[in-house]
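As structure tokens, one chain now follows by itself in the form predicted on its own.
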Amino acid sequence: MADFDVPVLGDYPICPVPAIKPDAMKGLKPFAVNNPAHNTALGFPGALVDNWEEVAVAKMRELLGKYRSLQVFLDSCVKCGSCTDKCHYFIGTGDPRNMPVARQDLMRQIYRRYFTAAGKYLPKLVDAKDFTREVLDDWYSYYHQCSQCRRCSVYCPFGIDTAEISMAAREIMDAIGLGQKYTNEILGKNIKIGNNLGLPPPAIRNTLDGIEEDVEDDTGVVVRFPLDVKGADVLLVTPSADFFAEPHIDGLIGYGKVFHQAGISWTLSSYASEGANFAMFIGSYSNMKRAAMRIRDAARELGVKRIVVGECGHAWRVAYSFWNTIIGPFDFLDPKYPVPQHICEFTNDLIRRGALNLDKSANDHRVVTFHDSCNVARASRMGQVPGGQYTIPRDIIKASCNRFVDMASGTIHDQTFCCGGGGGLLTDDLMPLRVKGAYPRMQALRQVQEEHGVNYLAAICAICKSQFSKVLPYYKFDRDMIGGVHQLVSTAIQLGTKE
């Protein structure tokens, strides 16, 4: 039972506009960094600096000069309201500050006060405000109630991207020493050790040995999960959750079975075992480069031909949108293959070429639907065909099972609703927000469950899988119904039939 109100699922397929509840989420915020080492390891102050207002305004000036889009977004909003009911957090909480335009205004008020003539001389006339501690507290609260999913930007007639504003706000807060413990601690582990969980190489090898034993016991076939093998064809980088947590680990098993049956040599890297990159959530491109560079260095050291990214939404967005710019060129890889390549592209290509033998009936106990993860759906592509990020995962599902149904059209593809836990918000101190933010997706899921008997929710994002594992029970769903696309492949694949 929750100690907060959980939205009640209602009519389909559209979530109703909520009753306005001013300041409903004002007091909710993530833990600030209580260990200065989390911030200083990333190049930020260890605590809130004394002259924080001066430093924050200077940082904003730097970002406005560096990113032309930021100033355009702050200047161009006409308050048309197109974004108002598009945010899952506003729909779930009713707090008007969670309207995308209102969340943007937290920065727009400061921008106008310090960077426009009207705001300097007639601040009340243009809703400009001094950067007070009260305003900073609202920043810390509400800019950590945005999962940077970009759904609002799909509907905005000017293409204003609230995610970019949220990322800039978090970068400014980090610059003055007000960082978020969850994202910064995890990012620090990734940069220092090579994965978000801080797993040393012996722990990874021990985990992989256990997986090999489990797969052999289950199938009677020896499937290797190699680590640090030089000269392998493929370096796989995947979220570290795949090494130990359910349902993530079933996806890693699926990857291994695919490589095994296709006869393709592959390896994981203990130096760069993590595909995720939390630096994107805080807008820190310098730290994004530091984390991503481990992957480039590992690929060079191991002498692989290509890099494949596992099922993780923001890992794929960072790889697709940023790798070639911040850590490229990848001229040491085989030019026949795209850089980067998603595991779904890889598997779908093998299926199309008949290199995998899949028995769809092995998944007949499942009626499957698919959740389009935000960072894949609205911030990347997949394959060589526009919209491949929508069709390729679904093609794999349809090749692996007999019963698949999509959720309502306004809740999938580029209009997909966020899981409610992305953007660096997957922390238990934000559980009320996470549950309320999941409401629109749970509404769409309930419809296909009642109308089609759906009992399996597939996703290709580690954060989505972790989020749904926690929030599904709040809405009376079975926690175990969430899983990955490659978990379906793992069930359907017939090992030994292609030797």
Partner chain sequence: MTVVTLLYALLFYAATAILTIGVVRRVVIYARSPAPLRIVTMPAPLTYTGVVLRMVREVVFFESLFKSTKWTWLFGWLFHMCLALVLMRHIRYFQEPVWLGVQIIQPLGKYAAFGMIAGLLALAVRRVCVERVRYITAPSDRAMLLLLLAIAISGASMTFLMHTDIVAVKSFFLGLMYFEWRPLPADPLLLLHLTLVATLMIIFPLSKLLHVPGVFFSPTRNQVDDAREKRHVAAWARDPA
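Since the structure is predicted, the reported quantities are computational estimates derived from the model, not experimental observations. Residue numbers count along the first chain shown, from 1.
Below: the form predicted in complex with its partner chain, not depicted.
K79, A377 and G387: each with a heavy atom within 4.5 Å of its partner chain in the predicted bound form?
Every residue of the candidate spot has a heavy atom within 4.5 Å of its partner chain in the predicted bound form.
Name the single residue among T40, S469, S69, N455 that comes within 4.5 Å of its partner chain in the predicted bound form, judging by heavy atoms.
None of the other options qualify; the answer is S69.
Among F243, Y111, F370, F225, which has at least one heavy atom within 4.5 Å of its partner chain in the predicted bound form?
None of the others qualify; the residue that does is Y111.
Given the stretches 121-129, 179-187, 298-306, 271-279, which is the single one in contact with its partner chain in the predicted bound form, using a heavy atom cutoff of 4.5 Å?
Result for this chain: 121-129.
Can any non-hydrogen atom of K289 be found within 4.5 angstroms of its partner chain in the predicted bound form?
Heavy-atom contact with its partner chain at 4.5 Å: present for K289.
Is V101 part of the interface with its partner chain in the predicted bound form - any heavy atom within 4.5 Å?
Answer yes; at least one heavy atom of V101 falls within 4.5 Å of its partner chain in the predicted bound form.
Within a 4.5 Å heavy atom cut-off, is K398 in contact with its partner chain in the predicted bound form?
Because no heavy atom of K398 falls inside 4.5 Å of its partner chain in the predicted bound form, the answer is no.
Would T325 count as a contact of its partner chain in the predicted bound form, using a 4.5 angstroms cut-off between non-hydrogen atoms?
Output for T325 is yes: heavy atoms within 4.5 Å of its partner chain.
Of 80-96, which residues get within 4.5 Å of its partner chain in the predicted bound form if you count heavy atoms?
Those in contact are C80, G81, S82, T84, D85, K86, F90, P96.
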